[in-house]
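Heads up, the chain below is alone and in the form predicted on its own; it's given as C-alpha cells.
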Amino acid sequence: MRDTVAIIGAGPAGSALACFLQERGYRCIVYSNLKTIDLMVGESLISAVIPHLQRLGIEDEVAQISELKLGAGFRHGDGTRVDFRFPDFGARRPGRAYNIPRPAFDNLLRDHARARGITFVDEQAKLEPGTDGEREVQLSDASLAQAGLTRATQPAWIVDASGRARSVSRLLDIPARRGGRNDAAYFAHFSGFEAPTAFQGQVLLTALDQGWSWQIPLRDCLSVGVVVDAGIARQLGSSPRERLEAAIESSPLLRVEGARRQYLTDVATYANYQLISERGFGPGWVAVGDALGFVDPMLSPGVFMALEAAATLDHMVFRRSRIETAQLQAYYDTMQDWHRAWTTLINYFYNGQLLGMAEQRNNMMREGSANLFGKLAEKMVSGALAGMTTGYKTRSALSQGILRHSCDHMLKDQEVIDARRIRPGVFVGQN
C-alpha cells in the first residue's frame, strides 16, 4: 500500500481521482459533506469525456440516465446559425457525448467510487495550517478522527477538490486571476419548450441582445438558461424567475420556441465567470478541478476539465514513486494551458467572429460565390472548430492556427463581426 491521500470534495474531480489513485495502490479518503443541489450547471458533456468514463467503467451507466449528444449549434438572434456534429477521432476518441442529469451523474460517480471500496467520510473536512514544518496545510484533529486517523498518521497528501469553495486556497489566502466577464446565469427545466435541433441531443447556444442562452435536451425535459452581465441582470427583475422570463421574452427566437413552456423546476442561479488560482500546489497539497480554476461554461467544458485534471494529476504526479516540485509545476502549467485554450476558443463566440464566419459562409453558399479554394477552406475551418469543441483538439496548435488565421484574414466585414458581438453591458429590451 502506498501513501494515504485525503481528497477534499466528492464531485467529479474528487471521486474520479480517488478511483485513479486507488489503481496505483494509494489509500484514498474522500471527505464529502453530502450537500445536495437539485439543479447544477454542467448538464452537457463533450466528447473528450468519453475516454475518462470508459477508464472508470461507467459509460454504460451514464448512457442509461442521459440523452445521447451528437453535436452542438450556435446561432444569432436573427436566425443565422452554424451546426456541427462531433467528429470521430478513432475508436478510442469517439464523436459522441451525453447530456446528463447532473446531480444523478455526480451521485453515480460517487457511488462507483464507494463500490470500489474507497473510504468516504460524509462530513466537511476542516483544514488548518500545517504545524510540523513539512506540510503547508493539514486536517484538524476532528477530521482526522472521523477517518480513523491521528496526527501521527496524517495523510501524506491533501488534494483540494472542493470546487469553487477553494478550501486550501482560501485558508492560505492564495490569490486568483479572474477573466474579463462577470456574468450571472439563470436556468430551469421546462416541458413544452421547443428546441430546433438539427440532430439528436444537439445543444443550441443563442446570442441574445443582452447575453446568450443555452437549450440542452435532457431525457424528459429541456434545460434552458440565459447568461447576462450581473449588472444587467438586476434590470431584468427582482427574482431569478423574473430575470429568466424577461430574457426569454426579449428574444424573438426563444419567445416563440417557449410559447407553451411549463416550468418543471425552480429557477437556479449561478455566478458565471472565469478564475484560476495563482498557485495550485504546495508542500503536502495540490488542487484539482474547480478548486484549481474554472472556465466559462459556454462550450460545456466543465465536467471534462474536472476529469481531465484528475487524470493529468494522476499521470503526471502520482504515478511517480517520488513526487517532486517539477512534476507538480508541470501539472499546473498543463492545466493553465487548458484554461487558455478554452478561453481563446470561447472568445471567438463572444467577440462575434464565430457567427460572423457562419454568416459569411451562408452568404457564399446562397449566392454560389464560393470557389473551390473557398469550399476547401470552409471545410478545413469547420473541421478545426468541431474538433476543438470536442475537447480532443482544443489544445492542438494546428487547429488553433487554422481558426486564428481564418478569423484574422477571411473575415472581411467588420460590421458583420460587430453585429454578432456579445457585449456584456447592453440590454436592448423586448422586441
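The first residue of the shown sequence is 1; numbering continues from there. A quick note: this is a predicted structure, and the numbers were derived from the prediction, not measured.
If you look for the form predicted in complex with a small molecule, you will not find it shown, but the lines that follow are about it.
Engineer: Counting any heavy atom within 4.5 Å as contact, can you tell me which stretch out of 316 to 324, 244 to 252, 149 to 157, 124 to 132 lines the small molecule in the predicted complex?
Structural biologist: Every other range fails; the passing one is 124 to 132.
Engineer: Considering the small molecule in the predicted complex, which of G192, P196, P103, G163 comes within 4.5 Å of it through any heavy atom?
Structural biologist: Among G192, P196, P103, G163, a heavy atom within 4.5 Å of the small molecule in the predicted complex occurs only for G163.
Engineer: Quick one: of A97, A207, L355, A306, which gets a non-hydrogen atom within 4.5 angstroms of the small molecule in the predicted complex?
Structural biologist: Going through each option in turn, the one that passes is A306.
Engineer: Looking at the partner-bound form in the predicted complex, is H76 within 4.5 Å of the small molecule by any heavy atom?
Structural biologist: No, H76 sits far enough from the small molecule in the predicted complex that none of its heavy atoms falls within 4.5 Å.
Engineer: I'd like to check something about A6: if you look in the predicted complex, is any of its heavy atoms closer than or equal to 4.5 Å to a heavy atom of the small molecule?
Structural biologist: Taking the distances in the predicted complex, the answer for A6 is no, it never comes within 4.5 Å of the small molecule.
Engineer: With the partner left out here, check for me: in the predicted complex, does some heavy atom of A115 sit within 4.5 Å of the small molecule?
Structural biologist: Although the small molecule is absent here, A115 would stay clear of it in the predicted complex, with no heavy atoms inside 4.5 Å.
Engineer: With the partner left out here, check for me: in the predicted complex, does some heavy atom of V41 sit within 4.5 Å of the small molecule?
Structural biologist: V41: yes, in contact with the small molecule in the predicted complex.
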